[in-house]
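The chain below stands alone, shown as structure tokens; this is the form predicted on its own.
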Amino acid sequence: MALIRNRKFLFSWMIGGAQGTGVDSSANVYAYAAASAGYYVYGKREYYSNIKGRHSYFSVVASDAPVNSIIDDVHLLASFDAETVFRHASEVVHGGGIIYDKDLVGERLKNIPTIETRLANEIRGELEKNGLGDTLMDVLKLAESRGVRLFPIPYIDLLKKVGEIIGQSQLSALMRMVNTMAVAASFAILNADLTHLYKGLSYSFRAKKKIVDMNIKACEVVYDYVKSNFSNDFPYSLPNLTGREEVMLISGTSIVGIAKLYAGCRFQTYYPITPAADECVYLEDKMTFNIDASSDLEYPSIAETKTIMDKGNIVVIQTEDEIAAINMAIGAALTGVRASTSTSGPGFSLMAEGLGWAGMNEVPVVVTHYQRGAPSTGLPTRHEQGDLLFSVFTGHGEFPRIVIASGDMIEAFYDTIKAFNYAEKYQVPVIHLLDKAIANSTQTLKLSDIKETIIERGELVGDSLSDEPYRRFKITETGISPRAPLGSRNHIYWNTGDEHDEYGHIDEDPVNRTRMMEKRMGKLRIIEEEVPDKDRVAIHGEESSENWILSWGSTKGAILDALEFLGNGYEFGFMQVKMLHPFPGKIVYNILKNAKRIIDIEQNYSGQAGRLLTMNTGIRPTNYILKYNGRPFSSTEIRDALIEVMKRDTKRIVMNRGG
């Protein structure tokens, strides 16, 4: 894949506030509006695991070319509370700006209990070093001394004015609009077209016209205030762009949900767990779907609903626990229905025994596994890639399974469809690894050739009579037996967790055991032979380089952007392993055997893909760039770490950026 070298514009915007005050909705309004104006966007959501009150923030990067990750720099910080400024003012670059509530400048750092002690001490130390106190105004003065522009907004006064216009005198009701007012202030500072903000509001609150109308009035008031009270010379702007290809704006969990409908999944189970539940809630909303691509949607170019072009139903069941979730999905798959369950690390731990039962009975079930911070409850709403080895080896004993990992949302869409195809074609459980960084991100993307998507159901038997009894687990050269869904006429068989013969009867004969183990495990060889190399390994960057990056999953976007930002002074080949089991050992060995440097970039402590590399090829990574603080990689920190490796040959670099 060629890297983008002609990018002209890259702008990072951030909004923050207490959870429950509309941070997510305001960020979605901004992202949609920027996309409507012609920009590619990538948004990252960060939030605490409590329901309300703690700080959350949303970063959105806009560019004139496709963007795959966040950057560390913030060009414009939009806030409507004090904590956001205390936490993130230091991230705003020289020439950037901070939007803040002018009535909060007297807020003191010591009176904000939700800021961690470690961070509060760091902020206080920086202020004291510069001879400043601990109020919000002191933080703003420090930012201004670094060349940051300040934009004080009298939110309360402006809300009262909005109330007069719409006939609402209750301030508590008006306060619900302060988040979108921060977005409107951003648009005014950036000289952006207000009509795109209207589109963002109309889409984000499309089921609530009254709320849309109220927020539009609020945005107009603050937009006019900014234009009247601040100079029009901010160094960044968002003018309308033309000529961009048609894209849609969507989140990671939604794209996987859409893919499941396309893949023919008609039975989904789950027990609520972050972040997997978002996908399941999306599917619950689409349990009966009939959305025509030719319908006259108001904003079809970036509306996610445009991609669903079929009629049908999917059953989505919230179970009492994850054990029930995997077992119900297995039961549905036995009937011939394409079935899946979605979960995260703690839930997947409970599914281990059920997964083994599916392996023993060669059940084509799909597990969508959204990784998060671990072990135990860990970091429920934060990011990690710590479940790779667990996914490859989970379950006692040995049985074949496929483990695939998507690097971005487009891959997540197509990999979801492939997961169901693999499961039925090879009659094995398939674990599809995603993570919080993909699940809770928002991105503009284009899905090409959707109509060309192929559904492969594998070898199914019909209802015809046969001269011999049906052998569900018939030993074949490939290890794949003709499959009959439960209830098929003229095809009776048995399922058990015990070892069994070809008919499914329990059988502990040693010869039979050997034959059945070889039958099942032999599928791994067939999978390695039949799955195309491009679906197992993706190569990006400079293929002739002596310096190689090895990685997997959601690190892909940040690595690609980092390679672009490095420029032509550095040459790297980037190997993205897409199928982690069975590991593509021969392909990987042939590419990396003569590499001078192999840099393993992962978001876990031990470099788990590097361990699989050594286990399957004998090759060891020479350097590691790792991160496990719960925040995804930015392209900026990968760029900086790669420079560190190349200049000093540092063997292990642990990154710790992110608020």
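Owing to the predicted nature of the structure, the values given are computational and were not obtained by experimental measurement. Start at 1 with the first residue shown and count on from there.
Keep in mind that the form predicted together with a further copy of the same chain is missing from the display, and what follows is about it.
Q: Given a 4.5 Å cut-off on heavy atoms, tell me which of 218-226, 541-549, 115-123, 95-103 is the interface stretch with a further copy of the same chain in the model of the complex.
A: Stretch with heavy atoms near the partner: 115-123.
Q: With a further copy of the same chain left out of view, which of Glu353, Asp72, Asp535, Glu144 would have a heavy atom within 4.5 Å of it in the model of the complex?
A: So the residue touching a further copy of the same chain in the model of the complex, by this definition, is Glu353.
Q: Could you work out which of Gly557, Gly395, Pro584, Gly573 is the residue within 4.5 angstroms of a further copy of the same chain in the model of the complex, going by heavy atoms?
A: Of Gly557, Gly395, Pro584, Gly573, the residue with a heavy atom within 4.5 Å of a further copy of the same chain in the model of the complex is Gly395.
Q: Answer with yes or no whether Ser349 is in contact with a further copy of the same chain in the model of the complex, where contact means some heavy atom within 4.5 Å.
A: Judged by the heavy-atom cut-off of 4.5 Å, Ser349 is in contact with a further copy of the same chain in the model of the complex.
Q: In the model of the complex, does Lys596 come within 4.5 Å of a further copy of the same chain, counting heavy atoms only?
A: Close contact is absent here: in the model of the complex, Lys596 is far from a further copy of the same chain, nothing within 4.5 Å, heavy atoms only.
Q: Under a 4.5 Å heavy atom criterion, is Arg382 part of the interface with a further copy of the same chain in the model of the complex?
A: Taking the distances in the model of the complex, the answer for Arg382 is yes, it comes within 4.5 Å of a further copy of the same chain.
Q: So in the model of the complex, does Glu499 come within 4.5 Å of a further copy of the same chain, heavy atom to heavy atom?
A: Output for Glu499 is yes: heavy atoms within 4.5 Å of a further copy of the same chain.
Q: Using a 4.5 Å cut-off on heavy atoms, which residues of 412-428 contact a further copy of the same chain in the model of the complex?
A: Heavy-atom contacts to a further copy of the same chain in the model of the complex: nothing from 412-428.
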